[in-house]
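Form predicted on its own, single chain, as structure tokens, below.
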Amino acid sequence: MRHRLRFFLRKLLRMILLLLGVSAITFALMCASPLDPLQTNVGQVALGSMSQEQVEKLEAYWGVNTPPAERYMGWLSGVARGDFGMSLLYRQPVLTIIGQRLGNSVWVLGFAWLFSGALGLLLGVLAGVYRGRLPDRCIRWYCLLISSTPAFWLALLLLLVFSVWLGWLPIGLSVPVGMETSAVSFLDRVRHAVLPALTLSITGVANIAMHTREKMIDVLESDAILFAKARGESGISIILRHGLRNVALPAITLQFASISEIIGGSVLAEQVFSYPGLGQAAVTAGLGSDLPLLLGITVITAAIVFMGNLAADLLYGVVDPRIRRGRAKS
């Protein structure tokens, strides 16, 4: 019990330091941005027609003349109380906006994460089993092609094929245009989330498949597999009992590490499909100099990625009891 408590306290300390570092870097980059919040959101023509008093009120609202250190410490003290501030663009609490946008993104991110992990593991195992043969060459060709394809280009291609040419799926947004929220069905939300999720799924497969392939090849060439063959075990039994068991830990690591890649890819995918998710909100906050909203999104997404890695660490002990016993002894 004591080692588990030390483990969680150590992870908690690392998460706090990580979030502090991420927020400080994000704040510094926003302060160094050449974008003028007033000109970006109000416009030069509108500013020229305003009185000096109105301009000063706008500068106070956007915090133009407030020292950066004072702004950051004010934001940090509010976060310590559970208050992430008000969005300067939406004029709503930051956590409210993040909750709404994250609710939309869950459809896309969840499906993409599960589908890319399952498909990547399957393709990696097949490529490792059929090393050097036609299935292996096809899978490697696919992975190399996808890994060199920009996410936004793939999103545009899927949009052109399935929405414009075939007309099977909607062009964008998360709900049908002009429909009241109460009238939107579950199927409507799924249909609008298919293309963004498919884009992220396809781009996330390559890394998992190639790493799983290499690990599977190492396992199949080991002395343990040679001994299993000498005992008369069949090929399917060797793959299921020995191959999958040994590639499980690397697969878990890659699966949970891909959370950050999927979240990063969602920024481009949601922009192409005009999907009102967390990625699009981050772009809007960055271009609009909405510092509280951008800081909130950055910290929340960093916490999600960290929790994913923590979940992977906890699953290691479930998959391989030797790791759990090793922690107990330490």
Partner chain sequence: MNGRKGTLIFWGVASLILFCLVVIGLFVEEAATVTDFSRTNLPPSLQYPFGTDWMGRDMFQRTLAGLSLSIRIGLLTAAVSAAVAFVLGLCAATLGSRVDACISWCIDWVMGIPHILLVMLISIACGRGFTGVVVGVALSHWTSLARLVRGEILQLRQAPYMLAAEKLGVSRLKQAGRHVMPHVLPQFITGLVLLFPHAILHEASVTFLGFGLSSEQPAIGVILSESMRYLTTGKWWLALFPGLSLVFVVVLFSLLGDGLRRWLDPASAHR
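Positions refer to the first chain, counted from 1. Remember, predicted model here, so these are calculated numbers, not experimental data.
Not pictured, yet referred to below: the form predicted together with its partner chain.
*Asks:* Just to confirm the contact call: exactly one of 142 to 150, 92 to 100, 237 to 245, 121 to 129 touches its partner chain in the predicted bound form at a 4.5 Å heavy atom cutoff, so which is it?
*Replies:* Selected stretch: 142 to 150.
*Asks:* Just give me the single entry in C138, V106, V190, V164 that has a non-hydrogen atom within 4.5 angstroms of its partner chain in the predicted bound form.
*Replies:* Filtering the options by heavy-atom distance leaves V164.
*Asks:* I'd like to check something about L159: if you look in the predicted bound form, is any of its heavy atoms closer than or equal to 4.5 Å to a heavy atom of its partner chain?
*Replies:* Result yes; L159 sits at the interface with its partner chain in the predicted bound form.
*Asks:* Is there a heavy atom of I171 lying 4.5 Å or less from a heavy atom of its partner chain in the predicted bound form?
*Replies:* Yes, I171 is a contact residue.
*Asks:* Even though its partner chain is not shown here, does G264 get within 4.5 Å of it in the predicted bound form, heavy atoms only?
*Replies:* Yes, G264 lies within 4.5 Å of its partner chain in the predicted bound form.
*Asks:* Indicate whether S33 is a 4.5 Å heavy atom neighbour of its partner chain in the predicted bound form.
*Replies:* Judged by the heavy-atom cut-off of 4.5 Å, S33 is in contact with its partner chain in the predicted bound form.
*Asks:* For a quick check, can you give me the residues of 7 to 22 that have a heavy atom within 4.5 Å of its partner chain in the predicted bound form?
*Replies:* Heavy-atom contacts within 4.5 Å come from R14, L17, L18, G21, V22.
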